[in-house]
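Take a look at this single chain, the form predicted alone, given in structure tokens.
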Amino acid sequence: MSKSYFEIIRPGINTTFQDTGRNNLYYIGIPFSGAMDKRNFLISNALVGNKFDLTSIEFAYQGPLLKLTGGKTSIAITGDVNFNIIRKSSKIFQGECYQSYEIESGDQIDILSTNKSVYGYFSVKDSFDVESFWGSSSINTRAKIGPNEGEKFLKNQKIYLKNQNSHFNKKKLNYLNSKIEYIRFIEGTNFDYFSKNAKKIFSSEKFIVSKLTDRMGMRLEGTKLENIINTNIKSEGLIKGVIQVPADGNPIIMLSDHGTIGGYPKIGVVISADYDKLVQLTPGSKIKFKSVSLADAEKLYGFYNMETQNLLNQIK
């Protein structure tokens, strides 16, 4: 029996395979990558009965238009997303996020757009038939790493499924993507490179997310942050969420596909508990930062993990 597959009729703006990412490869210059919004990624897999870390499709702003050929399968979409299901009979109905649907050969999924957010996730039962590179099927388009030759999807490509004609078990989660007033951070290793006034500005004024934002980094615009020591330092290791400030005084937040070393002073690091909400901020959004201690950041991450697990446990 031939395998089922999705044909990409429209690829969307930035559509790639993602999972939980690559571990312990910073020493050869390879970041974690993986799903930008981890919670929505995990929920999408849970809704189709998958193990939480199986490969899903991540899309940004506008998603793909996909047509299934072959057997039946279960699908789910998470995020704040507008999408339609187009049956082979040509009947169209609006889909709802956070619930599973059964589709069959000839049906189409039209992921129209995200709503005042950036990323959404599309999962299928038993996942996709994709290769793993260094323990992950995540695509890093900057480094050309991952399946699909490290590239985002193109029109007319075929994406094969691992299984077909799987048993359908409808699942649903009542979940609303919330926003927070502040993006919390801990002080960076070069926090004292910045003037007293710059530190005050950073924790009190709003910054705007610029159009120069992608999976690698988020550039912000606002009142310039004055560096009183040195605007360039010897290159050091970087981590996801670290906030660098180059000579122009505008912060840059390193995101999932970031470079692993950099020579700009680091004023702070976004806490892991706030990362999902950070990456969903669209260009033009305003960010206000709030300083927290390392101990509080660890507690907040514990609460984040506990809340995420509770949501996964609610999916029936």
Partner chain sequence: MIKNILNLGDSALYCDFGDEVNIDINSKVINFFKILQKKKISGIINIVPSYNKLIIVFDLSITNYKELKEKIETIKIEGFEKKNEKIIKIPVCCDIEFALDSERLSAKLNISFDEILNLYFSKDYFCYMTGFIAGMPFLGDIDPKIRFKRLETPRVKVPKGSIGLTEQFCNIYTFESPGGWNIIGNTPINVFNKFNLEKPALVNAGDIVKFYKITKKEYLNWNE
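Numbering follows the first chain given and starts at 1. Note that the coordinates shown come from a computational prediction; the quantities given were computed from them, not determined experimentally.
Quick note: we don't show the form predicted in complex with its partner chain, though the next part is all about it.
Only one segment in the set 223-231, 183-191, 67-75, 108-116 has residues whose heavy atoms sit within 4.5 Å of its partner chain in the predicted bound form; it is 183-191. At a distance threshold of 4.5 angstroms between non-hydrogen atoms, Gly259 is in contact with its partner chain in the predicted bound form. Proximity of Tyr175 to its partner chain in the predicted bound form falls outside the 4.5 Å heavy atom cutoff.
Within 4.5 Å of some heavy atom of its partner chain in the predicted bound form lies at least one heavy atom of Phe32. Among heavy atoms of Lys144, some come within 4.5 Å of its partner chain in the predicted bound form. Listed residues Ile208, Ile86, Leu212, Ile239 were compared with its partner chain in the predicted bound form; Ile239 is the one with a heavy atom within 4.5 Å.
In the predicted bound form, no residue of the candidate spot (Phe17, Val130 and Met306) has a heavy atom lying within 4.5 Å of its partner chain. Counting a residue when any of its non-hydrogen atoms is within 4.5 Å of its partner chain in the predicted bound form, the hits in 25-55 run Leu25, Tyr26, Tyr27, Ile28, Gly29, Ile30, Phe32.
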